[in-house]
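The structure tokens that follow cover one protein chain in two forms, given apart as structure 1 and structure 2.
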Structure 1
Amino acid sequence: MLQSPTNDESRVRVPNTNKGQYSPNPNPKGDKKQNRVIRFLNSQKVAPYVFITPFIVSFLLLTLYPTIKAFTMSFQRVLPGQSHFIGWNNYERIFNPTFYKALQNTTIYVVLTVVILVVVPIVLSVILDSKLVKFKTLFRASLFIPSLTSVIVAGTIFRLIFGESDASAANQIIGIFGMEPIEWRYNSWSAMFLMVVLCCWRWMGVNMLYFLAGLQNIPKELYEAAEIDGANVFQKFYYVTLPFLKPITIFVITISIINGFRMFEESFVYWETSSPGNIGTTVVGYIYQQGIQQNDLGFGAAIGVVLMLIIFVISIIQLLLTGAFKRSDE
């Protein structure tokens, strides 16, 4: 009598190249283990952790570990090949006139860039979203392209435009109005102007796209209802557009504050190592001067820890004032 095949033989068969017939799978246990692993990774409880694993690994290696290392280093005197703890000496050295000047420059820079990079992109996004503007894609692309440009390359061009000679483009333009040539990189107000202009030129298009994305989510029926109630253009902007753009505005303000306090390239591209009278020195630039140029890594790490605390406190205050922590039903 013919015997029926076993369960393993009936489920999986592999081709037998020698006899031209099918024979049982030589390793059914290996396939079972592989299928079990795949089912485990695809399960609802495990799959989310699999997807976030790259972020967790990068966060631990590139963010958390350097932060802990910098905090530890801030209590040390670091020399080539050796380091030893010196207590709070590095923090006691921070509060000096140079640090205060760098913090003042950074704060003014943050305030100016936040105001400009929030107000102007909102206005530009509303204009580009209107039906009156043609070639919208061209204008959006032209405003976004500066963000793809290297800061060093753009800064070199800006240094030529705002040069100290009478032949520079900026001095020729102001000369048309009867103004004297300006030494742009050697005056306090013009130095801040150069840094703010370079930053705003670079990030204006990015913030504008954020607000344009937010405008697409505003129901058109609200504008129609406002027109029926007799609202003009400014009233529709104030009572309809701005409230719906609040989440985007909070986001843009937050990233502008963080990027403003950690600004370094805009200052370095104009003055490189140091500026006259520290008119262009920022907190991160001061970290670079002390930690890298002066080879005082412990002191530079202490300044970095203080800067991190300043950014954290200001960001929390800003989020509390804008109501970012409130629930939507409150």
Structure 2
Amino acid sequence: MLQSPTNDESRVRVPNTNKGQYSPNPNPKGDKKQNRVIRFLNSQKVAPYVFITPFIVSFLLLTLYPTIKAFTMSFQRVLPGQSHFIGWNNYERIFNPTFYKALQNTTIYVVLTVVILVVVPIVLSVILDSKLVKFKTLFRASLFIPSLTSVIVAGTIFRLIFGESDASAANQIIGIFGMEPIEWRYNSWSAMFLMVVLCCWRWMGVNMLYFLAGLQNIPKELYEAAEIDGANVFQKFYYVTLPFLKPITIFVITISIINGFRMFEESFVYWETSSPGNIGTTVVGYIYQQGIQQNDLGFGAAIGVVLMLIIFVISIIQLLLTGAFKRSDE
């Protein structure tokens, strides 16, 4: 075994030294080199690094570089061909009424979507998982279908349903209850309602599937044991179901928070980038407005950095509250 490397070497060498006589290859040295390269690339030590190269390249180019660049840009006035540092100027400009409004909208949106998209899917999944409901597959599929639509198409539909005129479906329905028609896109509260409804409609089915998967992990014996101890439906739900759903709930909350802070399209589809009194402006919408439309990349980057900090702080708080750090130590 110890001999084999030298054997390999000689095997490489032998044909090469003879090559000039029978091979038209004018560059025997290059051939040897190529052979070595192949052998090198094919070793079990090197191959994994070849496999992960695409990830390394994409990480450097599409994550690390933009992250560093975002920080430097946020201290610059970015002009085509030339940028100069302007200190904290961009950050000082951030704290203006429009940004506060955008942050307020985004925060309310996050809170509402997280609560709705956790509580309702849990309840739905528990009922759907029980023996009570027939046609389970059909219901699961129908609730899932909205997630296949793009926000733009879904938003187009919702604009039609929540149209301003008396004849739109939403106004017809509230008319049944004797309410006056509402100009959905022009009130502060109904603007938020429109965005939240659009998001919840699209994600309800997916989140329900997460919880349904979580329910499959609960041993049936636990329910039987609880029944013997005289637990009623709600006690079984509270003491058996919920603790088992905790990990998946934390996961759903985490992605809902991050997706909530990323929200842009749900607002764009109703008002593009300018809503009356900024009732639909979100933080990412503000980044787009300032960075792309006003072409102030430095200011946009600074808003992005602030958003990154906000998400970072919230994630840390959430991890501390849910004890995720503790679990990973075990």
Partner chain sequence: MERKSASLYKWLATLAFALISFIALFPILGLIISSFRSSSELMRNGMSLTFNLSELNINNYSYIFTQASEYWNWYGNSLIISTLTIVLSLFFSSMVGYALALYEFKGRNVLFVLVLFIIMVPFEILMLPLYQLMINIQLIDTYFGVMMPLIVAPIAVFFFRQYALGLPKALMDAARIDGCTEYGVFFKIMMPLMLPSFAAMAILQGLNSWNNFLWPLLVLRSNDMFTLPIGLATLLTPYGNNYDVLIAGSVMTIIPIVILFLFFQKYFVSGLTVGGVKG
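Numbers given to residues start at 1 and step along the sequence of structure 1. Because the structure is predicted, anything quoted here is derived from the model rather than measured. Throughout, rigid core stands for the largest set of C-alpha atoms superposing within 1.5 Å between the two forms.
- Shown as structure 1 is the form predicted alone, with the alternative form given as structure 2.
- Once both forms are fitted on their core, the CA shift for Gln293 between the two structures remains under 2 Å.
- Relative to the superposed core, Ser274 undergoes a Cα shift smaller than 2 Å between the two structures.
- The two forms line up on their rigid core, and Leu62 then has its Cα shifted by 2.5 Å between the two structures.
- Core superposition gives Ile52 a CA displacement of 5.7 Å between the two structures.
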